[in-house]
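Just one chain follows, in the form predicted alone, and it is written as structure tokens.
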């Protein structure tokens, strides 16, 4: 009976976390409403380990905005600032160029080979806020898998051995 109760408690915690994530997705309109800054390319504004909150908008993207984008062939989204926006007069299509604040050159070297601009489809969201350093937990668990397994084992042991 106690083991069943503990399993149900764990299930409720996991379900609650998933519900919160889905609610954030609905509110922000982003597939990934929270991202972790993984490099120092946006310093001094955002440091490695900061968590960014994203949203999507129908408003046009403007120069100076911080966006998270994904390009073909890269698994991890990139957080950088928009430095140029070009609107084609004939089609009204928009071309976007980005750059990390602490990088010397624009991001064309990060884009898919032969791609010189991003299109709005590449943009996952725009940064609307951040929490400093909170993302270090994710970075450490990704870079040091042993720590992740130790932490998960400790949490599992805690759930199994708890009295209530």
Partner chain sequence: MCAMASLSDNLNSPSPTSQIQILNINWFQKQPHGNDEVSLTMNITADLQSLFTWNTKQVFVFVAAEYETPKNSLNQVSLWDAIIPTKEHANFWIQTANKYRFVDQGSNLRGKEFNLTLHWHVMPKTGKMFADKIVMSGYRLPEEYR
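Please read all numbers here as calculations on a predicted model, not as lab measurements. We call the rigid core the largest set of C-alpha positions that still match within 1.5 Å between the two forms. Numbering follows the first chain given and starts at 1.
The same protein also has a form predicted together with its partner chain, omitted here; what follows describes it.
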query	finding
Complete contact of 58, 120 and 136 with its partner chain in the model of the complex (any heavy atom, 4.5 Å)	no
4.5 angstroms heavy atom contact with its partner chain in the model of the complex for residue 63	yes
Exercise: residue 72 in contact with its partner chain in the model of the complex, heavy atom 4.5 Å	no
Proximity of residue 127 to its partner chain in the model of the complex, heavy atoms at 4.5 Å	yes
Heavy atom of residue 45 within 4.5 Å of its partner chain in the model of the complex	yes
Sequence-ordered residues of 74-89 touching its partner chain in the model of the complex, heavy atom within 4.5 Å	81, 83, 84, 85, 86, 87, 88, 89
Rigid core fit then residue 92 CA moved by 2 Å or more between this form and the one not shown	yes
